[in-house]
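Look below for two forms of one protein chain, each set out as structure tokens: first structure 1, then structure 2.
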Structure 1
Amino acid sequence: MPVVTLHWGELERMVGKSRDEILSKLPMLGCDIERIGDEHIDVEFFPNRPDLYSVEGVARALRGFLDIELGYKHYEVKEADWKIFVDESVLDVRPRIVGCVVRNLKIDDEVIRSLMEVQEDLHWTIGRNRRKMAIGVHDLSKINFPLCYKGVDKNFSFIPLDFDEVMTIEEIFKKHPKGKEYGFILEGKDRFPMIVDSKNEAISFPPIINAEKTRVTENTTDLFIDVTGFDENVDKALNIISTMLADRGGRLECVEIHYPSRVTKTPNLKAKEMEIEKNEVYSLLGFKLNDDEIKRALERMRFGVEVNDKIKVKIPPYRADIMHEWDIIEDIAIGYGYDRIEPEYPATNTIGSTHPWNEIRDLVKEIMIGLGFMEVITFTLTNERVQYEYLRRKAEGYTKLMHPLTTDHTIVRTDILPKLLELLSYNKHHIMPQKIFEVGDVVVNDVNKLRVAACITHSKANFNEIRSVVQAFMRELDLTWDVVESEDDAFIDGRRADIIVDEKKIGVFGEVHPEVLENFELTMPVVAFEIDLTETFDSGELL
């Protein structure tokens, strides 16, 4: 989630309240305050509210939330003669484009910084790292309208931003930092999206880089903004940027987009409307609010509201998150104030029950602790080396991660014993004897199994000792069992036994093989057992 840096001076000026008042209310608007500094405050806003990724957006929301300026804010877009022609050749590469002209801006460092930050945050969130949507900001005076948005081949060349030489698209991918960073989005294409002006000079190569010639400077007063992509996310981003610049005092003018088969005008800053049943509000929130409370709450959240039989809501054009009436009902709750809602324990009457899986776990814990073993818990993530090679076992039925982060964690464990031996190897310096156990999940063929494993280590640990434990354990579980010579190479031949119940192997015990001990750098004898409990118990429903 993006962290937005809000400078106190700017924020206080735009909101019209002191930092203390702002600080006391901000968290209740919906955000996590990361850091409070003297100069600025770093705030993490939620990904559903990209309109709050700029100081302008936050100020607008806070002015409502602090009762300074309530309700819907209208944004005027002047008709104008700016045109973009969309060529057929770009439609299967990056089909959508929208634009806006913003005039009479006072561009200073503050505005440039704010623009760059919001652009970056929108690219990451709505744009999914520029894949779905990318924004270009240009100095209007450097552009000769009308523009053409078209597909070009890799030899098309222009001077990209931050360079002073003409480069082909191919060269940009290889040499330009942005080309290297975002080239993957256009990988495998033979045509590339390009916005050119009436002199066929490039102004932008979306979603990679603008042309140097339209660079925004301190002398810029009028901006042209383009947003390209695939779907309505381009409109959402444009609305957020254009309203934010309008809040800075910019005058918005619309741009006509001429597709081969239709013409649209952007930005479209008309409010969408939605009607909500009051009962739906009462039902979702669990309590009744009167009409005034609903109206007030929504106005504080900057919606336009009429409450009659139904609630008629005008949704501000910068709100990208309203998919459903419940999204508005949440805003009623926020505008009303979460802190004003009286919590009530629900009357829902049901009978509780434990899951058999955990019943077995608890039972096994009781037995093992009674036998003097200390419970440990370990990671279920592990690797082939520890699980199989170290144990001299064959790897079978394990779940492998596609993109492990470290070589330590590449698979999910199929056995607990290796984890216990690993644990003992970290605890050699502690007083002997050590008796530990873990009862928990392993994953075999992508399905969870419940296992218990235990280890005893001290200078005289031997087969007899672990057999006594297994005898006691099986006695407590009231299981008729038998042993056969095991072939498990983790143990010493002739001192290893498979545990058989109903002619099925459910576990193994014995003296751990010296080579295994060496692999774990253990210097004391270890005896151990591991038993699968899912084989002999009904362990309940696994979803």
Structure 2
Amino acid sequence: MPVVTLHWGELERMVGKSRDEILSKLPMLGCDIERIGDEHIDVEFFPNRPDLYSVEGVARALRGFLDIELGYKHYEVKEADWKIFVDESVLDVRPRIVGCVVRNLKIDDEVIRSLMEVQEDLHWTIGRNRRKMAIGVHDLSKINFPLCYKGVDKNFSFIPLDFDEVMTIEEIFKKHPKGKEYGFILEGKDRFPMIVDSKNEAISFPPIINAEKTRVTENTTDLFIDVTGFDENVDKALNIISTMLADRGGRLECVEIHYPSRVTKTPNLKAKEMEIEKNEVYSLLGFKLNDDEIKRALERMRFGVEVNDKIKVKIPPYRADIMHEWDIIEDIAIGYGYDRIEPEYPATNTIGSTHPWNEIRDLVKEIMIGLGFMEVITFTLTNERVQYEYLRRKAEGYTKLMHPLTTDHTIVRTDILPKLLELLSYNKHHIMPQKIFEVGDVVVNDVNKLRVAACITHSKANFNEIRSVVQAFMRELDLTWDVVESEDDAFIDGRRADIIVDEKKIGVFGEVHPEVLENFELTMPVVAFEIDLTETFDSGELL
């Protein structure tokens, strides 16, 4: 989750309250305070509140929560003659673009720092590491409108930000730090997105780098902001950036986007509206609030609200997280105050007991540690590339995440072994041999399973070594087992075996294939095994 640095002088000035008052209420907004220093405070916010990734957003929320400024805040967007023409050549590459002009803004160190920080946090969260959305911030005075958003070839050239020489797109991918870092997003493309002005001079090469020509400095007073990508996250990011700059005193002006078949104006800061039944609020919260309490709670969270037979809510344009009635009801609870909700004992008392899965975990851990292995815990989320492509395995039986936060975490793992190999790749500089294991959950065809996997790596690791480990492990579990030749492509042919118990395959072991090692950038041989414990024991279901 993003950690936002809030400087005390800025925050106290923008909120209008003392440090102690801010500290007493900040955690109740739904965040964790990481560090408190004399000059600043580091706060970790949940990814579902990207509007709080800046001091402006936090100050706006606190002014409501502290009863200084209640209710919906209207943001005016002036009509203007700024235009962007979208060429068909870019529609298959990165089809969506929005823009905004911010006038009469005092650009100082505070504003520049805040802009850079919120830009990177938005790139990482709703932008999925710039893959779905990327933001460009420019000095308006250095741009000749109208702009054209088009696809160009790899020989198109301009001076990228932080450089003083003209570079082609191909050279940017090879030499520029941002090109090296984010070039993977455009890998395999023969056309590349480019924003150029009326003189055909580059403004931005999204999602990689802006042009040096439009660098923002302390002499800048007017900004042009572009956001490119694929879906509604583009609009969400623009709304967050434009409203935070309006809170700094900037005047917002709209930009016309001319697509081949339609014309739109951005940013669209009109409020969305939602109606909620009162009984739904009472049911979800577990207690009743009167109309005035509901209205006050929502106004403290900066919503517009009317309470009659139903609750009518105006949603601020920067609240990208409001997708369901329950999101509003959660904010009613926050606005009312979790500290005011009286806890109650549950009506039914039960006596807890150890789940069979945990009994098996403890036994397996004890055995593996006794065999000289070190326990590790890895993420249960992964991606198709690491889980299957790197292992030379067919992708099947996995569960995809509906709204992944990063491209590294798009599915729930079906095997533990890929995560162990990934961990070994991070620890190549450690002393050899390395012997690690993990007992953990996987999800295969929407069913939870308990697995154990282990790896050994050193210069002489071989099949006999891992077979002896499996033999000792199965002996400690008092299991009769057999082996048959395996066809698992993650291991070397002739040096791999399936583990059979009661005529059923429960696992595999062997020497990891050289191509797999190369994919994980491992230089030493690796031997490994993985066993499905739920196929071995009658352990019940994980609830």
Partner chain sequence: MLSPFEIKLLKSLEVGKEYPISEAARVSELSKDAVLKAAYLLEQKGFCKVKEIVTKRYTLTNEGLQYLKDGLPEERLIELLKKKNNLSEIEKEMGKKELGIALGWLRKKNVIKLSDGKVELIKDVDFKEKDALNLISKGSFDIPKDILKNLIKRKLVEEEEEKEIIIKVLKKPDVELREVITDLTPEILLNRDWKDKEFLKYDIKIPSKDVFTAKVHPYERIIRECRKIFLEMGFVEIKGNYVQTSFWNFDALFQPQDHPARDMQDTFYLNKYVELDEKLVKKVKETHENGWITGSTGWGGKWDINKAKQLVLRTHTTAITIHYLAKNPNPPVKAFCIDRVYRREAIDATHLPEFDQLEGVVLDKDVGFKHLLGLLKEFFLKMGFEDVRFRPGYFPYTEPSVEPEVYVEDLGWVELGGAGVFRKEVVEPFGIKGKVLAWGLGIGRLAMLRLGMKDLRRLYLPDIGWLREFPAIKR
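Please read these numbers as outputs of a predicted model, since none were measured by experiment. So that the term is clear: the rigid core is the largest set of C-alpha atoms that superpose within 1.5 Å between two forms. Residue indices: 1-based, along structure 1.
It is structure 2 that shows the chain in the form predicted alone. Treated as two rigid parts, the chain shows its smaller part rotated by 46° relative to the larger one between structure 1 and structure 2, based on C-alpha superpositions. Here the two forms are laid over each other by their core, and the C-alpha of residue 431 is off by 28.8 Å between structure 1 and structure 2. After superposition on the rigid core, the Cα atom of residue 346 is displaced by 3.9 Å between structure 1 and structure 2.
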